[in-house]
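In structure tokens, one chain follows: the form predicted alone.
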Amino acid sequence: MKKVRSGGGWPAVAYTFRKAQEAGGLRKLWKAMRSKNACKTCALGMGGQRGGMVNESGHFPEVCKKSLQAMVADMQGGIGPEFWKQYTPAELKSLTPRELENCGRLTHPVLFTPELKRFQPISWDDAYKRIVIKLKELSADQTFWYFSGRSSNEAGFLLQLFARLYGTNNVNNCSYYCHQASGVGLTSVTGSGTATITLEDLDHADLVFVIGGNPASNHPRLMRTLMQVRRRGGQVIVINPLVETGMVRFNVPSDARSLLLGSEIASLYVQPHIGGDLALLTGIAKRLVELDAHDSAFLQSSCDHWWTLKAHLLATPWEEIVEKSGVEATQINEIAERYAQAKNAIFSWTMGITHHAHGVQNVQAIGNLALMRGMVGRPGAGLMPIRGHSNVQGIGSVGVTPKLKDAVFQRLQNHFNVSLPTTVGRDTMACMEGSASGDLKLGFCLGGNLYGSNPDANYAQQAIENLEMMVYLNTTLNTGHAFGLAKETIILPVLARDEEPQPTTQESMFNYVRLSDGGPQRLAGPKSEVEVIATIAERALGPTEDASASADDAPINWKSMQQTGKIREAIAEVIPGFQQIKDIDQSKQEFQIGGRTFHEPKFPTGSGRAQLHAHELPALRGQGADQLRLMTIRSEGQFNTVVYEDYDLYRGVERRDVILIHPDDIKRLGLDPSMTVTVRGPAGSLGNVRLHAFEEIRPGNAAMYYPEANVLVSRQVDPDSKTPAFKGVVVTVEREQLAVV
């Protein structure tokens, strides 16, 4: 497959028309995309009350392939009863992630047991009864509750409330496997775990760092902003072991000039080794001190631990920095000099930073760099983790975490006049380990693909199979429904965001709360997430045994909590900064959460000052003669675990069963591109893999597609955030005897 020379452009326009045809025509897709609902994919904050394809600043049109793909998937026809007669779990396992997604919308509850040997449609009432019976059989801490970032604030708040009143703090969301290191790292720096800027701040930046990310594929709407930075004469410094086509050049379809002529994105592209980011960031900071380009007044007036950090930087040898980063001192100097000249710099990053055993330290090191020049605590500059799921941040804000913040804990107890559990809850990996050991018996998943999100895929499958029951709430099929089967597995079909019968809310990565109006239900059968959760909670916790009791006698009237407005009233009382959510469906006034944007150097830390951190540099792994450092990556036609297209247009890769290796490494390892290979990692091996010679990756490193490559990745996590190390996986590649057909 020929690799394109630029991201976006006419291929993206043509793709839009193809997806429109799949959805039943351009007019039908246009109407769906323009509905007043927050975008279903990334957290850049599109849609809402200004209408679809509009960003938080009011710019129109803002649309990308990811949002089109998600919308068209939700516009598929339904899966009928005959499907379950045709496909056994073994046959589902033979389907690719893309094929599973394209089977259609889930429309009725289904049950799997080993005795049935397949999924069988059941009634909603039967599904509820089975779940409630199992919940009443178990103790609360034998269960865990997992949340996807595509659900609403209302569903997230309601389910975590149900879980805690049931008696457990085993409550966690998908951020533990992606941006938890950002939240923990940022909290340790600024006192807040989210972006320190607004979307408008990007309009004033003259330098944007994009570190360990590929927004051209994964967050395409950000490319317009980067294009505008370059047009203003600003710079974009990209740091990534792999040169991504769209980060070099991008044709923004919504801008005529860019569409026709193209736009240069990266003004400087730097390729460290996978795992070399901390050393590189330390080197840039060290060079700033040597250049006397740091803001001494700000560091002394607004930061703690400056003298400790300065001494550590000066004592760190350049030889160590160069060796452990893979970047020459001359290039580190160039980065530092460009940063020193910037007036307003913004630092952005994605999972290339967080998916490491030292992910929190990576984020802290980025914080150090920003603070060293006073680029936090004023307009036009700051820190910006580029989050994936469109409401992953909101799910965390409304209480989906094992340990609630003290203020939320007290407000929740007082508002509902209840006592909440104080046991130590399990993070996501700990829940998988508890499932494998038999300590946990039931899992309840609000959206997402827990199996597909896990490292060590074989272990994840075994852990889920060890459960007595797994409950999934989903709109379409995914690999978890094939490989993540407990002794009893129930899939409940739920509505997409733009089909909800009542308004819901979502939070963008800029701390902006948007209102989604919902819309007409496309297919008969699926139910609202809020209705499903409230119904199960009422049956499990409500006064069902005493005939004289009423719902009003219970601490919470779960039937009333089927109303999203009622849930928002509770959120307004319980979650700091969310007071305006109470009347948002009436006022239509979307809002930014207070206390998270720092336009003044005042921080919610113990001292009121930002915190600097010194780090020992980790050894660069995978330097053996036969070893490579591997990172898992997403393709251009993919969103998280959901695969919409098997080909990867921007990298010129036709299929997903490949390993991307530099030609020098293919020669060094004595590999033959005509042969398939077996890739061996710390958790397992993957055979029948095709070699793809890829000059754009730094020699000594390799890349494979997620989630297929998860079988190689160990369960090692960052000790501070519990985020798995999907990057920097040491692998070996062995020749097989069969030639590629």
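Note that this is a predicted model, so its numbers are computed, not measured. Residues carry their position along the shown sequence, with the first being 1.
Separately, the form predicted together with a small molecule exists; it is not shown, and the next lines address it.
**Report entry** Residue stretch of 637 to 645, 114 to 122, 429 to 437, 76 to 84 approaching the small molecule in the model of the complex, non-hydrogen atom distance within 4.5 Å
**Finding:** Answer to the contact question: 637 to 645.
Report task. Mark A181 yes when one of its heavy atoms lies within 4.5 Å of a heavy atom of the small molecule in the model of the complex, and no otherwise. Result -> Contact check for A181: no, nothing within 4.5 Å of the small molecule in the model of the complex.
Query - the small molecule contact in the model of the complex: I321, any heavy atom under 4.5 Å - result: Close contact is absent here: in the model of the complex, I321 is far from the small molecule, nothing within 4.5 Å, heavy atoms only.
Query raised in the report: Any chance N710 has a heavy atom within 4.5 Å of the small molecule in the model of the complex?
Result: Output for N710 is yes: heavy atoms within 4.5 Å of the small molecule.
Requested in this report: Classify G377 as contacting or not contacting the small molecule in the model of the complex by the rule of any non-hydrogen atom within 4.5 angstroms, answering yes or no.
Outcome: Contact check for G377: no, nothing within 4.5 Å of the small molecule in the model of the complex.
Report task. Indicate whether the candidate residues S151, L242 and N474 are all in contact with the small molecule in the model of the complex, with contact defined as any heavy atom within 4.5 Å. Result -> Answer is yes for this spot.
Query raised in the report: Which one, F578, Y512, F157, Y146, lies within 4.5 Å of the small molecule in the model of the complex by heavy atoms?
Result: Only one option qualifies, and that one is Y146.
Report task. Would you kindly say which of N449, N170, Q393, T190 lies with a heavy atom within 4.5 Å of the small molecule in the model of the complex? Result -> Exactly one listed residue reaches within 4.5 Å, namely N449.
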